[in-house]
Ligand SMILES: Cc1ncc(C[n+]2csc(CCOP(=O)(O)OP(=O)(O)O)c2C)c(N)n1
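A lone chain, given as C-alpha cells: the form predicted on its own.
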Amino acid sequence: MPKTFQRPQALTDKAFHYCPGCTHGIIHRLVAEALDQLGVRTKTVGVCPVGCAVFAYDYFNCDMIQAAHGRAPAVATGVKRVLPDRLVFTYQGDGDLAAIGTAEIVHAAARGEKITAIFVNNAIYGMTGGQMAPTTLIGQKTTTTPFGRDRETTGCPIRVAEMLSTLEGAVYVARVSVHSPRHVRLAGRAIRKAFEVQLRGQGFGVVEVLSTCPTNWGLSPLEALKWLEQEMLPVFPLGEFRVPAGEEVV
C-alpha cells in the first residue's frame, strides 16, 4: 500500500523533545516540507536559536549551525554572503529574535540580506521558565508578571511583522498561525513562499508563526489552541504585510 503521509526527508528520525501540545513540532515539519518540495535540502543551511528550539540541529536533516543567543541573523548573513548559492534560514523564538536579538533582525532586514527568518511567537519565554517576553500580551500572567503584564511599567507587546514590514530591505513579511488544520496549511504556504523569495535573490523574508506554550501558559493543549485563537489573534492579526513588487497581498 502506498504511503500518503510520511516523515519529510528534511527531518531526521529523532523524536522531538518538546512539551505535549507545543506546536514547534508542527512548524518544524512545515519548514522541512517546504525544503523537500523545493528540492533544496542538500543546499540548505539552518541556524538554530537559544531557546526551546536550541536542539533543532538534531531534527533538521540539512546543514545546521548553532548561534549565540539572538545572533542567528548575523550568523546567517555571514553564511549567505560566503555561500550565496545556499538557502539560509534562521529558526528563532520571541526571546531570541525580539529581545536579545532585536538589533540583529532589524538590521538584517534593513540591509535586505537574502536570508529567511522563521519567527516563532508564543508570547512567553518557554525554555527559561515562563517569564514575560517582548510579545507577552497586556494582562497576560507570567512568572515575572504574576498579576498580568502592565502597560504602564512594561509597555506593550512588540508586533514584529508590522515593524519589519516598514523596512525597504524586507521583501516578504507574513504572520501565520498553527492553531487549526486550515491555518497549518496556510502557514506552510507562507514558509515556502518566503523560501522562494530567497531563491529568486529578491531579499530578506520573515514568517512570524503564532505558536502555543501549554506548559508555561498553564493550559491543556486544547485550551492553549483556543487561547491562541481568542487572545493572540486580535493582538497579532494574520496576513501578509509585505510582498515582492508586483504581487498582491493575501
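Nothing here was measured: the structure is a model prediction, and the numbers come from that model. Note that residue numbering begins at 1 and tracks the sequence as displayed.
Heads up, the form predicted in complex with the named molecule isn't pictured, but that's what we're talking about next.
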Discussion item. My question is simply whether residue 101 lines the interface with the named molecule in the predicted bound form - judged by any non-hydrogen atom within 4.5 Å.
Written reply: no
Worksheet entry | is_contact(residue 122, the named molecule) in the predicted bound form, heavy atom dist at most 4.5 Å | yes
Practice prompt. Although the named molecule is absent from this view, report whether residue 128 comes within 4.5 Å of it in the predicted bound form, heavy atoms only.
Written response: yes
Worksheet entry | Close approach of residue 73 to the named molecule in the predicted bound form, 4.5 Å, heavy atom | no
Worksheet item: For the chain shown here without its partner, which stretch in 144 to 152, 169 to 177, 90 to 98, 110 to 118 has non-hydrogen atoms within 4.5 angstroms of the named molecule in the predicted bound form?
Response: 90 to 98
Worksheet item: Using a 4.5 Å cut on heavy atoms, which of 62, 50, 225, 197 is close to the named molecule in the predicted bound form?
Response: 50
Item to complete: Check each residue of 204 to 221 against the named molecule in the predicted bound form and list those with a heavy atom within 4.5 Å, in sequence order.
Response: none
